[in-house]
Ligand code: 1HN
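What follows is one chain in structure tokens, specifically the form predicted on its own.
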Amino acid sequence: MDSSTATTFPTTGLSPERRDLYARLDKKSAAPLWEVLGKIIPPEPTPETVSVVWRYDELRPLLLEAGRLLTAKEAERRVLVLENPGLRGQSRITQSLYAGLQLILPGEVAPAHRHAAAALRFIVEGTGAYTAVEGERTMMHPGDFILTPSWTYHDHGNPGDVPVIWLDGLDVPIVNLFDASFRESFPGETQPNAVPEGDSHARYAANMLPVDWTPKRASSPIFNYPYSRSRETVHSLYANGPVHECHGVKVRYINPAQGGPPMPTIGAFLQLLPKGFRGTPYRATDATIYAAVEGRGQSRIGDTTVTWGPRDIFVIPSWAPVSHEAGEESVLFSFSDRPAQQVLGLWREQAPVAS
């Protein structure tokens, strides 16, 4: 075969006639399906994503160093991208999602912009900063789950006294798969405070809706799910029982207007693992990003065991069996592309996984 011919499959051992056919196909931008069928349609998921843990105490000083070296205005968003070792150079934490740790220092503003990609923020450290979405500000506290839905203007500011750090999660790879990415800066650095703080909670978070309300988008009409309420919820469910053999006590964040996920492409979850919990193995097709909020424990992921403590971040690849153990009462936040898979009829789970 011509050495300039590019193939995605081995050609050694082929007859001269087949090599010649493949070379001529290549010149026509065509290829033989039978040589790649088992790879592109495998009998079960074969993810390039691998299980990995990022130690917050190791990343935090590097993020603060970045804060000293460049301003928020220079960077626009001062973020350390969490790249999965199986997907280096692709700015992905899983095949379908992006994640990073973002820093905003006292006195700084991250300018307003909007983009086609939907985003979540899970606050990791610090108080006194805010996120503004479509003209409404919300103060951020550790453990809060905050949305910036697709094509909504958003900016961040820190009028407080301490650095604030959060975990970003975006559906950038999904948007880019469709070549549908758009981005636009706001005319000014920040949006005007056009909506009173707390307005969205008053309108949409009390099991009631304004009688004449019509949804503007598929995402949740509220954009801050405070940790104080979420933590109380899982604690109450634990007190009332029962505890799931795989998940402990696990809840999903919802769009209160229709009961579905908070965003069409990204689902988010919170789970409490009681002290001494030893979960049975579980697996699903949505590769999942976890952030430890409270407690310490370990997770058995396939043949690998990762230990985690407060603020550590780790990944479960698609269809990898996982079982969690907690040495003390622990809380885990997680997010994945489950809603996108479910609407496409692709999502599958198995619980418990046979050993």
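One-based numbering along the sequence shown. The model shown is predicted, which means the values in this text are computed figures rather than measured ones.
FYI, the form predicted together with the ligand isn't displayed, but the following is about it.
If you check 231, 77, 201, 250 against the ligand in the model of the complex, which one has a heavy atom within 4.5 Å?
Result of the distance check: 77.
Could you spot which one of 220, 95, 138, 102 gets a heavy atom to within 4.5 Å of the ligand in the model of the complex?
Going through each option in turn, the one that passes is 102.
Sort through 253-261, 164-172, 190-198, 279-287 and report the only stretch with a non-hydrogen atom within 4.5 Å of the ligand in the model of the complex.
Looking at the partner contacts, the answer comes out as 164-172.
Check residue 113 for me: does it contact the ligand in the model of the complex (non-hydrogen atoms, 4.5 angstroms)?
Result yes; residue 113 sits at the interface with the ligand in the model of the complex.
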